[in-house]
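Here we start with a single chain on its own, the form predicted alone, put down as structure tokens.
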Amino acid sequence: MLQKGDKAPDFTLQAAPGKPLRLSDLHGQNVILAFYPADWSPVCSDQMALYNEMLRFFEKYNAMLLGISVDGVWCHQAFAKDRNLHFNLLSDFEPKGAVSRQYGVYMDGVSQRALFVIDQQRMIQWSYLSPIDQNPGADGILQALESITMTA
């Protein structure tokens, strides 16, 4: 798993059918990557709903949240619509788990529950691997974003 001080690998994933999103295109923003095992699982649903409620706090730190799992774009669309999510869910579907593997968080056919906070220079400032059955919450993300702000 990539750690603080590592350069965040660039990637392009589908945010919706025909809508690719490339990490390096997010100039001037901090980025939160929230890898998670699967849409619709109870813990993932709670975690993504929490982050949806936290968006205004993330935005205070000029941070964009991106959820990533190996689910397909159509599954992400249905999940986001059902949960009224207002951030991009990226499909690490084809080749399956390629970006999850780049970040060292792919195991047993799914993305592990892992968080990365990346600064505007694309350096990882914080990472955390959570047990798969536990919602890691948002405290670590907010502390990392606060740290970036204090050192900028």
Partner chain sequence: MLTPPITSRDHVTGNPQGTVEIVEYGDFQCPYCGEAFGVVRDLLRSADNIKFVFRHFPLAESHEYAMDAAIAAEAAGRQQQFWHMHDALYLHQRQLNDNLFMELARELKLDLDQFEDDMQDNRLVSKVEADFESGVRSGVNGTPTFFINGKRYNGDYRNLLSVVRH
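Residue numbers count along the first chain shown, from 1. Fair warning: this is a prediction, and the values are worked out from it, not measured in the lab.
Same protein, other form: the form predicted together with its partner chain, not shown, and the subject of what follows.
Across the options 97-105, 31-39, 60-68, 118-126, residues that bring heavy atoms within 4.5 Å of its partner chain in the model of the complex belong to 60-68. Taking the partner from elsewhere, residue 56 is found to have a heavy atom lying within 4.5 Å of its partner chain in the model of the complex. Contact check for residue 139: a heavy atom falls within 4.5 Å of its partner chain in the model of the complex. Though the partner is left out of this view, residue 135 does reach within 4.5 Å of its partner chain in the model of the complex, counting heavy atoms only.
A residue is said to contact a partner when one of its heavy atoms sits within 4.5 Å of a partner heavy atom; residue 26 fails this definition for its partner chain in the model of the complex, lying far away.
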